[in-house]
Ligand SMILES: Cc1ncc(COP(=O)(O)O)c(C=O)c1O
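Just the one chain here, laid out as structure tokens, in the form predicted on its own.
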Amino acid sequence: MNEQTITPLTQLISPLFEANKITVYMKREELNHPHIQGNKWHKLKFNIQEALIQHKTTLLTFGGAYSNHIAATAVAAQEAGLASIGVIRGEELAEQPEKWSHTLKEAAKNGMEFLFISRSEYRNKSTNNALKQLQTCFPNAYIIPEGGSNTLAVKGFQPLMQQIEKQCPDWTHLFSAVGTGATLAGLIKYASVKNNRLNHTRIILGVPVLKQGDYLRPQINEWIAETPVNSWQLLTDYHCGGYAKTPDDLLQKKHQFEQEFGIPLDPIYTAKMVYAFYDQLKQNKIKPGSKVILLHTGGLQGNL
């Protein structure tokens, strides 16, 4: 994978933000790569380096039929000269390629082979026995967890945070969508710990897109262990019904944002993060003088 692209930190100008006396930016990580977009680029970079160090020839990973991670891994493997295998939830798709999502069709075009398994098997995919069996069947494969989330993925966000600190040294709030928690852990772990010029304590706010997102806390704490960090929170009330649920009010807010600022959002992750930001502002939880960064984590292939 090539060196990291410096993406824009775009100020969002709105009468609403002026009235609340805050400055709002969007960190445009959807522009960091045409296909390995947003947070996926950061998660995969060091994992691919490790695969090459171990002389593996294949990346093997997990996901559903609409997984951004599956789409990104197929392209990343191809760019690195590696084969790729996707272990996909839903055995019924094996014999019905006409029902494959755009995501699966594109991943296949980029060289990924699929292993379709039942939902019960998928739930047990991360057990030691299941992983040993996969490693035995595919001895040349480097296995990446679902969503690409592990310690190496967390490490991948250090350069991004260094970039953000240079572009806006006195930011006070950083919002990010949360799936598995690795992106949020990386932001927390590598953000500079300091107050801004108005003595506002920094806070990093994660917006889980799955129900009952509090279950992510132990894993996030493990990833950031023994690191001095800024305050952080999980805002667990903005899943909009659960993963891949897109109610009308969410889609309306997505459309309004895109119309006002000309920046496309994906409906599964970044739209929910934006939805949460506006509600936090409405509840007066963002003080005047704040400098807010909204992290665009990509995933625009989900719009297709």
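Numbering starts at 1 and follows the sequence shown. Keep in mind it's a predicted model, so treat the numbers as computed, not measured.
Below, we refer to the form predicted in complex with the ligand, which is not included among the displayed structures.
By the criterion of a heavy atom within 4.5 Å, N68 is counted among the residues contacting the ligand in the model of the complex.
In the model of the complex, none of the heavy atoms of T172 sits within 4.5 Å of a heavy atom of the ligand. Put simply, K43 is close to the ligand in the model of the complex: some heavy atom of it is within 4.5 Å. Contact check for S84: every heavy atom lies farther than 4.5 Å from the ligand in the model of the complex.
Of the candidates L187, I144, A74, V178, V178 is the one whose heavy atoms come within 4.5 Å of the ligand in the model of the complex; the others do not. The stretch from 8-16, 292-300, 21-29, 278-286 that comes within 4.5 Å of the ligand in the model of the complex, counting heavy atoms only, is 292-300. Counting a residue when any of its non-hydrogen atoms is within 4.5 Å of the ligand in the model of the complex, the one hit in 118-149 is S149.
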